[in-house]
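One chain comes next, on its own, written as structure tokens: the form predicted alone.
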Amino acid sequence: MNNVHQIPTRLLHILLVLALTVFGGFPIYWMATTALSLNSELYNSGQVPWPQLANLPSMIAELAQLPLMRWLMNTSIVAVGTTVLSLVLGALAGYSLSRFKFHGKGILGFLMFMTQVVPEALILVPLYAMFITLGLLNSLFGLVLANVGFSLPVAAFIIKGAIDAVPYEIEESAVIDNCPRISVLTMIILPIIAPSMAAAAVISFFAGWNEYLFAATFLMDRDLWPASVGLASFVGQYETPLSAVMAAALIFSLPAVVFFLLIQRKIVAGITAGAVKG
């Protein structure tokens, strides 16, 4: 009898999941449909609601004329560099804020938090002047540093919250045996808070992957552009090749979507664990 009553609930859940899947996947479908359309059709007869596979060779030929793979490689370098540097510094900062007591700890945490309410455009000019002095303009490394400045506080607070939830007794025995603090962090604490590390990694990765403002300002060499700036360059004053824009945007978006789907459970678990204590 209970199974009979559970059937409508299960059916409702299935319909809800299907509706959310269609709603979430429709933008990708529409990008693919637009990419497989001719510009003349888009501007004259309008969008066709299904992919035209006959236009696939022309789309491939159009993309072959663009340095899309180089742009994607630059985007990957910025995203991976931002992620690695944010995790390394975030783990050190989070552990220090969680385990050590020192003067100015509250002020330091507040200042790190305040970086999240400052718009990137507000510090663009002073950061540009600083990068000129340091010789970091037109450099992917400089772009990584600029992104780390915004992603590091978030990673540090997520890791700090996760470390707060770890009992100190777990690492006491290692400290008594004269184990260095860095070994305690890397060999004991970090494996325990792996889900939170994954959450911090994802946030940092997407901060670097979606970078546009700093890249458009600091990078003058076209070969150093990330894909976001390369896509924006397609927009012209008199004409915009929508099919090429959507094809490149689809290639740019799919790796990030796949990456998110693969580790979405760790993201939720990590953010929840990091929110236990502030």
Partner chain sequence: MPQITMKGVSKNFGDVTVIPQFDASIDDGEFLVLLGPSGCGKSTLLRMIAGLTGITSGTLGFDGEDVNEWTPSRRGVAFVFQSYALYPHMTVRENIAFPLLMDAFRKWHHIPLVSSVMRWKLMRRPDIVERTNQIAEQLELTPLMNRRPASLSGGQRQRVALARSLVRDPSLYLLDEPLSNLDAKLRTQMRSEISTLHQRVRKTFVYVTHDQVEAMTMATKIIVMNRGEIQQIGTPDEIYEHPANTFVARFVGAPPMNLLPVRQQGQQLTLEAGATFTHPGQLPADKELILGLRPERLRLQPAEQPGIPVEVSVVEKLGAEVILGCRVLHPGGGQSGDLLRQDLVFVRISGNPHVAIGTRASLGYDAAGVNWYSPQTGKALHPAAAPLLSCSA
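Positions refer to the first chain, counted from 1. This structure is a prediction, so every number in the text was calculated from the model and none was measured.
The same protein also has a form predicted together with its partner chain, omitted here; what follows describes it.
Chemist: So in the predicted bound form, does T133 come within 4.5 Å of its partner chain, heavy atom to heavy atom?
Modeler: T133: no contact with its partner chain in the predicted bound form.
Chemist: State yes or no: in the predicted bound form, is some non-hydrogen atom of I170 no more than 4.5 angstroms from a non-hydrogen atom of its partner chain?
Modeler: Looking in the predicted bound form, residue contacts with its partner chain include I170, since a heavy atom lies within 4.5 Å.
Chemist: I'd like to know if C179 sits close to its partner chain in the predicted bound form, meaning any non-hydrogen atom pair within 4.5 angstroms.
Modeler: C179 belongs to the contact set for its partner chain.
Chemist: Even though its partner chain is not shown here, does L137 get within 4.5 Å of it in the predicted bound form, heavy atoms only?
Modeler: Outside the cut-off, so no.
Chemist: Which one of these stretches, 74-82, 183-191, 155-163, 197-205, sits within 4.5 Å of its partner chain in the predicted bound form when only heavy atoms are counted?
Modeler: Going by heavy atoms within 4.5 Å, the stretch is 183-191.
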